[in-house]
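Here you'll find one protein chain in two forms, each presented separately as structure tokens under the names structure 1 and structure 2.
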Structure 1
């Protein structure tokens, strides 16, 4: 199989599986959990090596996944005391477990090449060159099989427990009233997150896993307001980020994992600025329309019940406004037919008076709200 195709497939599978479970982390405000698990699994990796005496994939994955579940349990245990916030609990647990892993590695595996840098940074470029061999049969790139199996597990579990995940994410009290166990569902989801994060380490490294776990769902969160479209869009954005990141890395001859992580940030910034509902551009335009509507309202109120017209310059001096600001207000009123006359003699029209009567003393700005 072409190495480029393998790299894109592995990156896409990792991105899709991470985005699928990461969407629920974003909704539950647990975005830092992925980063915590990525550091806290080190003692599990060392213990698995010492127990099985092997650096093969599945013992490492099982040991790291068990430590990931332990991390979630300890964080949840601290949070339930109601004396420690969830973010503080994460900050307490994962440095402690990571430190334990460093001590174990230094004490019992100092002469063993566990290669923590490979776990941290990953090297997806090597994914096409390590095959999975079962009973003497070469099945192709191992990283592709591992990432595809993880994606299949995530997809099956999310589809099977979609209603439970949705209820416990938005309204745990209602889930309890309907007979669901939010705690059990929580641990199922966290176990899924642990397996997804740990299983992707060898292929792409922790940095890319954390990026794919949070950034595509956060991007989708800016664009849609319903869970099902958010899940689908998160997966689509994650796959697009993987492909775009590979193109960036190829063009600049840089790290592929770094290029993919960079792509997630680029796409997020674009969505943050240009989102039709919550983007900065939408907010800026909405605030500008709102201010101009208020300015027009103030000018109308000032012209009301005046027998003599007022000039543009006189209004600007009275309000302390710039000529640009007063011109925008007058242009808005003229477009609505609320004032007539030239800049030297502005008068309120019957349309403007009716608008003031309809609004009473409240500002005429409702239509300008974003």
Structure 2
């Protein structure tokens, strides 16, 4: 297989599985737990590696999953004492476990092919060159198998427990009352996160995996309003980020993991600015439109209660507005036919009076005028 194709496929599988489980972390406001798990699984990987004496994948995945669940358990334990808040508990537990992992890796595993650098930063560029061989049959790139199997596990579990994930994320109290254990579902989700994170180490490494877990779902959250579309869009955005990231890395001859994480950031910022529902641009335009319609109404109100026409300059002075602002308001009103006369003598028309009535605005009391 073409190495580029392998890298893109592995990157896409990793991004898709991260986005799928990461979406629930985002919705449960547990984004940092993903970061914690991605680091704290290191000792699990090293112990599994030492125990089984090989770099075969599945013992490591299981070792990591076990440490991931242990991490979550320890954090819960600390939080439940109420003397340590949850963010501090995360800060206490994961560096501790990670440090144990670093020591174990350097002390026992450095000389036998488990490279901490590789775990931290990932080395997806090497993915095409290690094949999976079972009973002497070469089945193709190992990383591709691993990431595809993990994606399949995530898909199956999320599809099977979609309703449970949804309910326990939205309303854990109701879930408990209905007989669904939020704690059990929480641990299932955390096991999935752990497995997914280990699977993605080869692609992006422990440091950047959190970008793949959190940023594509956070992007999708800005764009859609329902859970199922959000999951689908998270996965699609994750895959697009992975491919775009490879392009960036290829173009600048830089780290692929770095490229992919950068791509998630770029796509997020675009969505943040341009989202049709919640984007900055939309907010800005909405505010501006609202302000302009208020401005026009205020001018109309003042004209309405005058028997004599008013000049543009007089109005601007009265309101303390810039010339641009008063001109905008007058232009809007002229277009609607709500005022007539030139800038020196503006007068409200019958159209303008009706518009004011329709808006339901009470006329300003005369004593309130300066």
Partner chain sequence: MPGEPPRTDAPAIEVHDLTVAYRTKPVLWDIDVALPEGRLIAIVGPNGAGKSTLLKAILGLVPAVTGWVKVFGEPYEKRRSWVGYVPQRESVDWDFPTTALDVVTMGLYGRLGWFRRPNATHRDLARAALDQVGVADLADRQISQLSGGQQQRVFLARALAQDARLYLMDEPFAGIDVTTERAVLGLLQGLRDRGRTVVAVHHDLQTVADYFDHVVLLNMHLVDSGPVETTFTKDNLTRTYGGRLTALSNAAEALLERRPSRPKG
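This is a predicted model, so every value here is computed, not measured. In this text, rigid core is short for the largest set of C-alphas that superpose within 1.5 Å between two forms. Numbering follows the first chain given and starts at 1.
One of the two isolated chains is the form predicted together with its partner chain, namely structure 2. In the core-superposed comparison between the two structures, residue 77 has its Cα shifted by at least 2 Å. Once both forms are fitted on their core, a CA shift of 2 Å or more is seen for residue 88 between the two structures. Comparing the forms between the two structures, the C-alpha position of residue 336 differs by 2 angstroms or more, with the core used for superposition. Core-aligned Cα shift between the two structures at residue 45: this is 2.7 Å.
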